[in-house]
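Given next, in structure tokens, is a single chain: the form predicted alone.
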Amino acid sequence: MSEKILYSYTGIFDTPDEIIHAAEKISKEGFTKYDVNTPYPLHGMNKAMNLPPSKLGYLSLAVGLSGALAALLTMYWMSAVDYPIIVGGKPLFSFPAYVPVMFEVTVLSASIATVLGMLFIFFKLPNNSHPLQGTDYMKMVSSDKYGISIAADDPKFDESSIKNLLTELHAKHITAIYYDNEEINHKHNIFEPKFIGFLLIAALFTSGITYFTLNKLMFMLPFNWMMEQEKLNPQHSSEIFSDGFGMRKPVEGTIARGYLPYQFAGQPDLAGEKLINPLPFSEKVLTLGQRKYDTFCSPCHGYNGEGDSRLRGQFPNPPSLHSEKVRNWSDGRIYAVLMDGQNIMPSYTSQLDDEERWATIHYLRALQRALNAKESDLK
């Protein structure tokens, strides 16, 4: 370096009392840009240095409150909007139940923001150089000495006055600290390519270790305890229940979410009287009905519903769906056949959902109308 640039003047003290007295004196003199370095925290040093509250707390507060609000909105969305389910009779928006999660998220987000803010904003990471780093001053205050460093950019800084002040305070090893080339030429840039590359490598390494541990290592001998834990498979017999079945029926009276019980089981005529097709007669519905009819109905009834299917002769011949009886059935009556089955035809409750059953009936009506068109249809 062709021209040295002064960073600060430092002084060494032997006892905590001496450094606290020096800090009080320098603070009273009106210096604002100085720092004290000790091998361990000293009680009362903040008061002696007349330090203002750290601005880092404002960052922690803002991020912590943001985390709490995000946790509240997320839980509200999941519990009351996206998947509303009543648990223990509580309302969907049960604020007391959200408090523990909000508290944890607040603490976690504030802690992470404090560490990252301190590293990237106040410590200017990825720059890890400092004029005091590696100096004899720092080596002494890192072991058993106490030091004070008065920055050269302090408004009251005067080189001769500083040396006299440190001498009056009985400081030892009064030393001038200069910037080095790396510190002078450094520009604070957290998007430095090398630093971003380091973060990516660290993320890949951490992800790889996590994946290997959770998906491979835990399943290796002798860590296969997750696979060999005591459990009861649905298709296995059970010694716990008196009927010997491992698969249990739902509790009587419970209804699966999104499912309405069929209340006309075994009563096809009543179903024909009470049930009405809720779907509109549209191209979209007919397309859905055709797809389901071709998949589940055409193997027996044929693609046109005439009972001339490709399975004809292998099973008792199915009736034509264009018979006067079927054409005169209401949609609800046909729906009952899909739900209960008829003769050798099984129930299609598990293969078709409610919308698909009604769409299939619409498509059957279209087939019937195509083969038995009215005179008005030809106009």
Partner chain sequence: MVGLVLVVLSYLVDADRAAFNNVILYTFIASIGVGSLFLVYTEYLSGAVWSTAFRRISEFLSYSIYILPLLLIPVFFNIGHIFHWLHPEPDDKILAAKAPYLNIEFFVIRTVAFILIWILFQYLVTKNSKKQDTSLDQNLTTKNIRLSAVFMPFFAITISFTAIDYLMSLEPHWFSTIFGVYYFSGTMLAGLASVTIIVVYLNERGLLIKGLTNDHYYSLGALMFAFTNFWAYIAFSQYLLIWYANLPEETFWFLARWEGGWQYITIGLIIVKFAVPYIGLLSQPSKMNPKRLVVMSAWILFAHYYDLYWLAMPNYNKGNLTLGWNELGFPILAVGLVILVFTTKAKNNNLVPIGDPKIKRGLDFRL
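Everything numeric in this text was worked out from a predicted model, so none of it was measured. Positions refer to the first chain, counted from 1.
Below: the form predicted in complex with its partner chain, not depicted.
Contact annotation: its partner chain lies within 4.5 Å of heavy atoms from the stretch 53 to 61 in the predicted complex, the single such stretch among 319 to 327, 53 to 61, 348 to 356, 28 to 36. Note on the partner interface in the predicted complex: the residue among 232, 218, 97, 119 having a heavy atom within 4.5 angstroms of its partner chain is 97. Of the residues given (248, 139, 257, 90), 90 alone sits with a heavy atom within 4.5 Å of its partner chain in the predicted complex. Taking the partner from elsewhere, residue 296 is found to have every heavy atom lying beyond 4.5 Å of its partner chain in the predicted complex. At the 4.5 Å threshold, heavy atoms of residue 43 reach its partner chain in the predicted complex. The closest heavy atom approach of residue 103 to its partner chain in the predicted complex falls within 4.5 Å.
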